[in-house]
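Just the one chain here, the form predicted on its own, laid out as structure tokens.
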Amino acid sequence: MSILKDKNILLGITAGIAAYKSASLVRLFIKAGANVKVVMTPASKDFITPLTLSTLSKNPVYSSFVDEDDDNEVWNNHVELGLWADYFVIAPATANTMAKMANGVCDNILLATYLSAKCPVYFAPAMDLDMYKHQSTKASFEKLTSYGNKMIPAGTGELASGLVGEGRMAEPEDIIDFVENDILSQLPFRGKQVLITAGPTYEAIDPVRFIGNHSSGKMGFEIARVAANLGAKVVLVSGPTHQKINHNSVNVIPVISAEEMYDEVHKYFKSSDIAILSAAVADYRPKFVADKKIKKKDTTFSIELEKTKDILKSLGDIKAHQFLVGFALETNNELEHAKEKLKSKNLDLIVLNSLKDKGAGFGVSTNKVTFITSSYDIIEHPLKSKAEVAEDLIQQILKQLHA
């Protein structure tokens, strides 16, 4: 899955022959899962039609401050366009438009939107060799990058004039790659491996019965999604669950029992930078597992249980550079028990939730948590969706890592 999935991309098109490539660029952004809107300079319509771009983007195309074909003359709000965008990509960016951008000239809707945008702005120069080499153009490059805009380097090749050299707009595939790589390079978990456990474990009684719990695994899957979106390579060790995740950076390893989860976690822990153990692992398992279905005979039936391996403590005992996070689900003396667990298992952070809190715990889409740090700072959060709790948790981890 592309880092651009579900992002709002505003594509700016100016009056250069390379505008014919903009149709392919829109299609590639859509293919990456982005939402695309197009804003054009009036002169760029001589090179590619708004109808083509509207059809491909599935959104109206903006080329003037009002819709001239509309009797009501509806105002196209450039401020709203600028605020809508997560990323603004101007391709092609002509020498004329870049000079205006560099000097604050605002004589069309594209330039007005550029001046209103609060998001990162990328520009892909496109012009003939002599124009590209001209000192005024170089000055525009320098000014625009000094403002924080990102320049997508032009390629070298045959130009519209017949000359061969610099000035050819980067190919659409290269523009997508540049934007994706630039975004990824700034993500806080870029180059990090995050190990996450999720869901319940099932401890077999016989071939058809087991001891388990009501954990859905949703919390762990939401944490995995947030970490991956921030650039992490995620190893998600999950017990039985109906949760799904479709992300190129998430490797889901399905397990059933606590023993299997223990083995998989230890396989990946040494190479991990952060470990977040949100799974609801069974504390006990049947000491003897029947190889055939146990028949119903007696009025009562007893099962001898033995402790499972304590996965969290085993990691706390061997951790070196890793940042280790545990979860505590309590029903009484919550803070006291969570602090004891934080210390005894050598954790950097523990996430406490209570079954007493309405909307928290297993089988629901919300959670109410309290973070307790290794220095015993207590950070309480109100009831939120598990997706929001995952965001809060990752931000807390980042805060502690950079403290």
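In this text, residue numbers run from 1 along the sequence as written. Predicted model, so just to flag it, every value in this text is computed and none were measured.
The same protein has a further form, the form predicted together with a small molecule, not shown here; the description that follows concerns it.
Residue heavy atoms within 4.5 Å of the small molecule in the predicted complex occur in exactly one stretch of 91 to 99, 308 to 316, 214 to 222, 111 to 119, and that stretch is 308 to 316. The small molecule is not drawn, but in the predicted complex it has a heavy atom within 4.5 Å of residue 279. Contact between residue 326 and the small molecule in the predicted complex is found at the 4.5 Å heavy atom cutoff. Using a 4.5 Å cutoff between non-hydrogen atoms, residue 45 does not count as a contact of the small molecule in the predicted complex.
None of the heavy atoms of residue 177 is located within 4.5 Å of the small molecule in the predicted complex.
Contact annotation: of the candidates 345, 368, 339, 37, the single residue with a non-hydrogen atom within 4.5 angstroms of the small molecule in the predicted complex is 345.
Proximity to the small molecule in the predicted complex, defined as a heavy atom within 4.5 Å, holds among 283, 182, 260, 173 only for 283.
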